[in-house]
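Heads up, the chain below is alone and in the form predicted on its own; it's given as structure tokens.
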Amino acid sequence: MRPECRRRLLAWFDKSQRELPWRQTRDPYRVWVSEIMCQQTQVATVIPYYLRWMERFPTLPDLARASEEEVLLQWQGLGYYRRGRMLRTGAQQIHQQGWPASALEWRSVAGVGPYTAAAIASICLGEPVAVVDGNVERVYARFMGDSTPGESLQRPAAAWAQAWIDPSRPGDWNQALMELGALICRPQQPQCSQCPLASECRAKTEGRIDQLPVPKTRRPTVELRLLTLVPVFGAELGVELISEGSWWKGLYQFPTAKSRPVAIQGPTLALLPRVRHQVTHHKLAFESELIQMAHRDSSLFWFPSDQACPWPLPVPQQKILAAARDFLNSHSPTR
């Protein structure tokens, strides 16, 4: 990459970057939250969650003092809940020890890896350390014509990004590369005619845009069928706390056939519509039964069926709740 390419890329970023709420600040707390939320989640999905989060936890001390349940309730629906837990743990750590002063120090914060540490340090501290995500890897592979396969591409992409980082604008440089990958150098249908680096892109010159980067080997999909029991007593529904060893540890769910308390006994009121959901390489199919309880079992957490659940529910459980409400509303004696 010639220096002129770097200037063109930064000029393009200055003109074309998206207006995102976390780009209006250099506050490390807000940048940190945005970086964690954007991991494995599309920016458009993150924005409303980020804004609600900042209303509830506007400062790091606010987050550090919050309970895990409060944090998970705000994170509800964003997925990969470990991210929310680690944010809270990291906030408590920083609240006690003070703010990190470099990318290396950020690496010691709970839940912060090399990418997040570099992003925060470059944007908020002006440290010239490069970030590499899937967007940067794709830009690198196409620009340099690198056919290195799969996860092995990360190392040469990181070396390339570090070699060309602009020391006067490291945060903007990192964001410019990622923005280029997100908006222009997309996985499918890249907009090469709008790319500020197109004139020197080897993949474009060689006609290999669609071949690079070489994809990673995909793990085989695992399909699981899960039976869920939705206990009803009067006008209330019962849920349980999800235990260790689950994707959604610390959240709540309607009991499953596997975790079913002995006390959940009674006639089936309805078979609810099947709910499908995917977690990593697992495809889940939830088949749910609405169970009429003879008594209010104390091992469960109860809430009015016509109100929002006061405890955080994973997305598939929210869909099961909606289906249960639809049935109960349609069979209400007042209708």
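Note that residue numbering begins at 1 and tracks the sequence as displayed. Owing to the predicted nature of the structure, the values given are computational and were not obtained by experimental measurement.
Another form exists, predicted in complex with the DNA; not displayed. Remarks below refer to it.
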Would you mind picking the one in Pro156, Gly77, Gly145, Gly126 that has a heavy atom within 4.5 Å of the DNA in the predicted bound form? Gly77
Could you check which residue among Pro167, Gly207, Gly98, Pro187 gets a heavy atom within 4.5 Å of the DNA in the predicted bound form? Pro187
Output flag, Thr228, Gly234 and Ile291 jointly within 4.5 Å of the DNA in the predicted bound form, heavy atom basis: no
Counting only non-hydrogen atoms, which stretch in 235-243, 170-178, 198-206, 157-165 is within 4.5 Å of the DNA in the predicted bound form? 170-178
Close approach of Gly134 to the DNA in the predicted bound form, 4.5 Å, heavy atom: yes
Consider Lys258 of the chain shown here, and say whether it contacts the DNA in the predicted bound form, taking contact as heavy atoms within 4.5 Å. no
Do Trp12 and the DNA share at least one heavy atom pair within 4.5 Å in the predicted bound form? no
Proximity of Leu300 to the DNA in the predicted bound form, heavy atoms at 4.5 Å: no
Within 27-55, the residues having any heavy atom within 4.5 Å of the DNA in the predicted bound form are Glu35, Cys38, Gln39, Gln40, Thr41, Gln42, Val43, Thr45
